[in-house]
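Quick setup: one chain, the form predicted on its own, written in structure tokens, and binding and motion questions come after.
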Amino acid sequence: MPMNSLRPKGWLRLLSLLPLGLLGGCAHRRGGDEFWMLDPRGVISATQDHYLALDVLIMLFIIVPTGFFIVWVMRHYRRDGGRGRHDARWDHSYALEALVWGIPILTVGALSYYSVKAIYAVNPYHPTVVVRAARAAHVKNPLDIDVISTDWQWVFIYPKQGIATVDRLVVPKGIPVHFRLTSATVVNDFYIPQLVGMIDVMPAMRVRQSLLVSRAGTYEGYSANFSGAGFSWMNFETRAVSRAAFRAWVARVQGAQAHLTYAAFEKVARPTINVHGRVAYFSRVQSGLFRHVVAETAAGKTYPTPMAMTENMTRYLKVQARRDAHNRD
């Protein structure tokens, strides 16, 4: 085989740069914090990253030696100048058979074992890692939060505290948080990359998720499922604060003038593209509001999108958002 045929084509060289391009999407838009999606700050996200790293290492134990072996075979058995010897009588090798079948079987077994451990560890309904961390910290009272997605905002209800927010989630550091999630419109994905993995939020259904923040800070949360014209702005700020700061924040929100009744929720749930990321606060949340939203959605309640919120409107909003950002700078 001519040596020129072994030289990588131009498209192969470009393809080799693809992983770097993918990692570029992990860069944080705020200065100084690169590869933020690979920097877990919660127990659940850290556990997911741990098992992801194990899976990658296990696969590398196959991919890297296989790559070197392929190169060795290509050089050793090439037609011009190769040192390989052809044996026309060779037909079988038990050693190769054990190698070809044994390594994949062991690999699949190892991946299956760690996959099952990871599934049980971060199970949204019974996350063992959160339970263990809570026991270690002697925490008996977790924080319950009801989450309702709309077009295109997030409503967070704190039932025990009697408050609610729109597009801002505040949680105490070191306290397990248990979510109940539903959608008043279409399917969305609740996702806070540095704290917890994504989970589908479905209309007329209730799903669960849990998290425990290990470090205070501000994190990005958003929908990871395309849901229409306002999807690009369907994000929310997640703030992890100390327990004392959380209690002070709850007290401030409890003094808000707006109350979240079902009638008020219907206004919030109307299709809204929150370009400027405005946050709303409510006190005196109607009892059983989450269950009522689930029941109404199951009964066929919808919030039609106005014709004005079309693709052209979305383009206009993007241009307006860029102008606002430029003016702020």
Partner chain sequence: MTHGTDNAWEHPEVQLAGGGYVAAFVVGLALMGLSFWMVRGHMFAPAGLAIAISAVAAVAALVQCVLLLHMNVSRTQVWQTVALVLFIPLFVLTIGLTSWMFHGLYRRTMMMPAAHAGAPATQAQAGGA
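Positions refer to the first chain, counted from 1. All values derive from a computational prediction rather than experimental measurement.
From this point on, the text means the form predicted together with the partner chain, which you will not see here.
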message: Let me test this: is every residue among D167, K267 and S283 within 4.5 Å of the partner chain in the predicted bound form, going by heavy atom positions?
response: no
- line: None of R239, H259, R215, R208 but one has a heavy atom within 4.5 Å of the partner chain in the predicted bound form; the exception is R208
query: Taking heavy atoms and a 4.5 Å cut-off, does R278 contact the partner chain in the predicted bound form?
result: no
query: How about V294: is it within 4.5 Å of the partner chain in the predicted bound form, going by heavy atoms?
result: yes
message: Against the partner chain in the predicted bound form, would A245 count as a contact residue? Criterion: heavy atoms within 4.5 Å.
response: no
- prompt: Contact between K173 and the partner chain in the predicted bound form at 4.5 Å, heavy atoms?
  reply: no
- prompt: Can you name the residues of 106-133 that have a heavy atom within 4.5 Å of the partner chain in the predicted bound form?
  reply: N123, Y125, H126
